[in-house]
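Just one chain is shown here, as structure tokens, and it is the form predicted on its own.
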Amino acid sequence: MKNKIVLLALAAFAITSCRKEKENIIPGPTNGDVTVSVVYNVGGKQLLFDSIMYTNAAGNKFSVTKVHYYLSRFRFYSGGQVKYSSDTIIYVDAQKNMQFGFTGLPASTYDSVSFHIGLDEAQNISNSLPATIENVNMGWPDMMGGGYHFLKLEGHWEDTSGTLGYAMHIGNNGFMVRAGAKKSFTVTGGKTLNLKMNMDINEWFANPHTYNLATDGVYSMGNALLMKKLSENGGDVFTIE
């Protein structure tokens, strides 16, 4: 009888110990972070500023002197469903090393990312962004609708008459670029994943519209037809590595 009591006591002690061990288990982090760096190419060639060495889909030989733009409304998808979103507005100057990040993404495997190049109607309000030099310089004239430039892509190109300038500017509600890229990547809890976004400048001049500087024009600001072409071409300018 005593042996049975001892065995029962040991069994009860073992069960209690197991329960305590389980209770003391600290679950691992369920969220991770993502850091994004932005790089540039032109038709597969590294972007070098102020050098007329690139050719677009229309055959225009051109250079790039400026690429300024906003990124906003990031959405991260898993299985076709939004798993994480951010409404942070990010200003980018391609001549500066650019890196930004997102925190607290659910640990998961993601299959695509969407975002805006520019600002939607709720964000595109004159003087709504902090009055930094960058934001002030990106302002869109109130007499032309107000808000901010979504993109400033500028440079030079070679015409039969010589070297001329071009300025591809996009702004105004209705011309925001809906962009994104498919890419499978896994966010691990407690860790930071590094992603690289690569902009191909040539894609602003192609797909679905071939933009010809010689016939379409070299200054798009305020021209709805030209801004529409550029906006629609911008949907696939980025890939994610």
Partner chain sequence: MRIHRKIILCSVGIVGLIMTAISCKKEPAPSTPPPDPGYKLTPYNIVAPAHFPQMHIPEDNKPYVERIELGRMLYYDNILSNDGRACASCHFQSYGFTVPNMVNDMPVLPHVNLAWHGKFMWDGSKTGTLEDVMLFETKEFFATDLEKMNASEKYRDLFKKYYGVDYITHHDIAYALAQFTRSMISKDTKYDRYMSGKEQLTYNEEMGMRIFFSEKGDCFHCHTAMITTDGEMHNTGLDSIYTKEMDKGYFNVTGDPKDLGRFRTPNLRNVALRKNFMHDGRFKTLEEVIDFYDHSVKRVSNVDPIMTKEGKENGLRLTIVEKQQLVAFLNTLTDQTYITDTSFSKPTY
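Residue numbers count along the first chain shown, from 1. Quantities reported herein were computed from a predicted structural model and do not represent experimental measurements.
The same protein also has a form predicted together with the partner chain, omitted here; what follows describes it.
Heavy atoms within 4.5 Å of the partner chain in the predicted complex map, among the stretches 156 to 164, 102 to 110, 115 to 123, 81 to 89, onto 156 to 164 alone. Looking at Asn194, you'd find every heavy atom of it more than 4.5 angstroms from the partner chain in the predicted complex. In the predicted complex, Ser37 stays away from the partner chain, with no heavy atom inside 4.5 Å. The partner chain in the predicted complex comes within 4.5 Å of no heavy atom belonging to Arg73.
Contact check for Met227: no non-hydrogen atom falls within 4.5 Å of the partner chain in the predicted complex. Residues of 57 to 86 that come within 4.5 Å of the partner chain in the predicted complex, judged by any heavy atom, reduce to Thr65 alone.
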